[in-house]
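Have a look below at one chain only, the form predicted alone, in structure tokens format.
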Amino acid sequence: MSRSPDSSTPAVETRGLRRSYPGPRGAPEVVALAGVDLRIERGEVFGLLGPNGAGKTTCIKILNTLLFPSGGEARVAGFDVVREANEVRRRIGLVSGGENSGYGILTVRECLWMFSQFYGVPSSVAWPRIDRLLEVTGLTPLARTRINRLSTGQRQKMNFARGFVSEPEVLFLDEPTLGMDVNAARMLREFVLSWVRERDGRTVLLTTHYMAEADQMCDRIAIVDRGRVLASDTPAALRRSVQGGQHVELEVREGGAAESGSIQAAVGVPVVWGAPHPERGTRTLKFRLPEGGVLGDALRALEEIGVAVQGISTRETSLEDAFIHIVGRALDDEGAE
């Protein structure tokens, strides 16, 4: 008989989690996770962000009992992922972007019912739940369509619905909107947030390459790189971790008297040249105005050295700015693996 852990235990907890692989042909071992500490509370939507090769997928596989750790420990829903793997599997769901799952000869509705039976969901409960998920994902008209006739986006919607048929305590969403159109992705993000709030204790761990998706959905985010957690906090706090101030983009007339050095001296902060606009004879000039700085002062200083400003736009620090500041490169850059 399965036991129930104390509901006060975190949904996910890792301590010193490590995973390494032998290097090719006697080369040094490849370290995918180098001592990851995470604590995800019940009821959270928690994001895991990192460049390609940062160790996110390895971490997800260990937490889903698909891969053994090389060291440390990990618990999901209060159960050890190695010693109590069956207890973990009863309580989790997984949606992976681009996954080619299911049996092609089954219809969408039949496939979802099959997965519900793997978890022992009574048919009287499974069928109404499946019909609701088909409606949420927009697959109701395709309910009796064989899986091998679905498009990539439609198959991903079915995979998404499959993750909810067992009503998991902890749901892992690994690039869940990959291959979906913008409207479908937006609707499914809204469904995830409403699903978490419907019942106490439901928890989601999300990995995504879409910064806006993480910013919108996540209560907290951990930024990982080269197998280590570099920062973990709310999206707002991560943005605040970057030096404050507005990001300014100026469209300036090319061929002016001033060069980058004199422009930088005038505004008092590092400047970066952006895209040229040949049709208008201008270029984009980018810099971050320090907190408390006055844009008007910077514009007057540029005017004094002969820089003709044709257009101005400003924005606040974004989650992507914070990510680049913490990691040192963008999300799509290759990592160490």
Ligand SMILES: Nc1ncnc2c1ncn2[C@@H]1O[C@H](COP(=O)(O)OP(=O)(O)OP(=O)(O)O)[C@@H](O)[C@H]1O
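One rule holds for the numbers: they count along the sequence shown, beginning at 1. Everything numeric here is computed off the predicted structure, so don't read it as measured data.
As for the form predicted in complex with the ligand, it is not shown, yet the points below apply to it.
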The single option of 45, 63, 32, 36 touching the ligand in the predicted complex, heavy atom within 4.5 Å: 32
Option touching the ligand, based on a heavy atom within 4.5 Å in the predicted complex, out of 209, 186, 253, 132: 209
Stretch from 292 to 300, 306 to 314, 50 to 58, 279 to 287 whose residues place a heavy atom within 4.5 Å of the ligand in the predicted complex: 50 to 58
Close approach of residue 84 to the ligand in the predicted complex, 4.5 Å, heavy atom: no
Contact flag, residue 213 vs the ligand in the predicted complex, heavy atom cut 4.5 Å: no
Contact label in the predicted complex: residue 175 to the ligand, heavy atom within 4.5 Å: yes
